[in-house]
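Taking the form predicted on its own, here's one chain by itself in structure tokens.
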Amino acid sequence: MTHLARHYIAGQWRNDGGAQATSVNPADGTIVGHYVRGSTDLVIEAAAAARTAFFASPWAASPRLRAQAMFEIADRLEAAKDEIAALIVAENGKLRAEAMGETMAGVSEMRYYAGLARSVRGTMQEIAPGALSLFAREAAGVAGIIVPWNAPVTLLVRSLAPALAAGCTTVIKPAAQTPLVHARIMQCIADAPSLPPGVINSVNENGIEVGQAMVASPDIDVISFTGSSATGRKIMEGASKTLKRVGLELGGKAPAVIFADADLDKATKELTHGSLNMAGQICVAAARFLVHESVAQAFEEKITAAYRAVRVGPGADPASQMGSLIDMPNQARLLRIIEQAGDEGQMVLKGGPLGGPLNSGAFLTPTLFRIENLQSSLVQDELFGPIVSIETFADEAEAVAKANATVFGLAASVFTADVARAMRVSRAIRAGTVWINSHLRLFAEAETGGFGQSGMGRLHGVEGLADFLETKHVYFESGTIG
């Protein structure tokens, strides 16, 4: 059965805007379905609908209504979890377990922020006798949400849910690679009986036209974007023309620092998962193994054996331990990077495509290489695939210096048995999240975000509301009213 992903504007499904485009399964090249391309005109219409809903509906001033609608959406997402997970596997190529985990994380996050919707409070201060300053927290207005393809449920909900909880109305642009997943989520949203029309709108992409139109729109007050640092910079530049607020979670190059006293078996297990989850196509993936020189050989042997044992295959196959890349162009890009790694570093384990009947899929086995040149693009750039470098250090100061040697600061991990060292190093590393003796632990309750060129603002947690709220000062003096 094929599917058609449509736009959703002002409570209505729409087929207009542009020609249909194809969604392809990266594991085998088959057609999953089709989507209707968006347009600038549709963005203008969707933003106008969101603005009307913000000012004319009870949404922004009714926290109980917001909570009720969000709980309804969460219930419908959970009821559709099997279908959503199957679509993620088909369009994204990740493992079924990863897809289901992502879907249920989205359900959890929607419920978390549904609870917070009724807990947004202001403050009051008496400046002088009888002179009162009231500080209200109000919704920022219309939020534009630009969603990447690598986690189309989680990375939508973690921006959408706090925006809704704050009282914003929204316009969403899904990724062109995962339109059918998004359309199924939008069906869950459309089926929520308490949601006023126009509060949540969605327009499919058409190249880069829709995203650019959202950034330029004078009817959109906030942009929440997850994606590459290069695109984030363009969004900031475009948003400056209307002085929009922007929340950006951008690229990462997460170092995993492994000290001499670390449990190497635990580190190997954590970092195999932490680097190869979603085939390494996740911004917080462990991308650099920084290993104390005294245990470098031992760790290299363990992680190489673990990488060799990973079974790469279709996400729908229960035997697969790592799924495909998002598409064939990304496979070709990463194969070029592997050749560069062989030229600039010392290849430990060279990855490549799968042969036989899976040769037509966008698969790539893991790659490990040694490198000590911190200026290499292999160390400095986000590779976004199952390609990881091994670097060594002699002491704690060098470990911290190397961990901080890139422009990114999204996530990191530290492996050591020394609690004091773990705290020192975790505080010294310039990253928004540092895991100790683990990697890749994400929760709705715990804020994430980046230092440096990994972005600005925070998602998840109570601070996730901040991008979508304004503070208003209301002042009055006793005896001046009535």
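Note that the structure is predicted; figures quoted are calculated from it, not measured. From 1 onward, residues are counted along the sequence shown.
Although not depicted, the form predicted in complex with a small molecule is the subject of the following passage.
With the partner left out here, the small molecule still marks one of 206 to 214, 114 to 122, 389 to 397, 87 to 95 in the predicted bound form; by a 4.5 Å heavy atom cut-off that stretch is 206 to 214.
Checking 334, 368, 235, 140 for any heavy atom within 4.5 Å of the small molecule in the predicted bound form turns up a single hit: 235. In summary, among the residues 268, 150, 108, 277, the only one with a non-hydrogen atom within 4.5 Å of the small molecule in the predicted bound form is 150. Mapping the unseen interface onto this chain, residue 184 falls outside it, with no heavy atom inside 4.5 Å of the small molecule in the predicted bound form. Interface membership of residue 155, defined by any non-hydrogen atom within 4.5 Å of the small molecule in the predicted bound form, is confirmed.
Although the partner is absent here, residue 220 is not a contact residue: none of its heavy atoms lies within 4.5 angstroms of the small molecule in the predicted bound form. Although the partner is absent from this view, residue 103 stays clear of the small molecule in the predicted bound form, with no non-hydrogen atom inside 4.5 angstroms.
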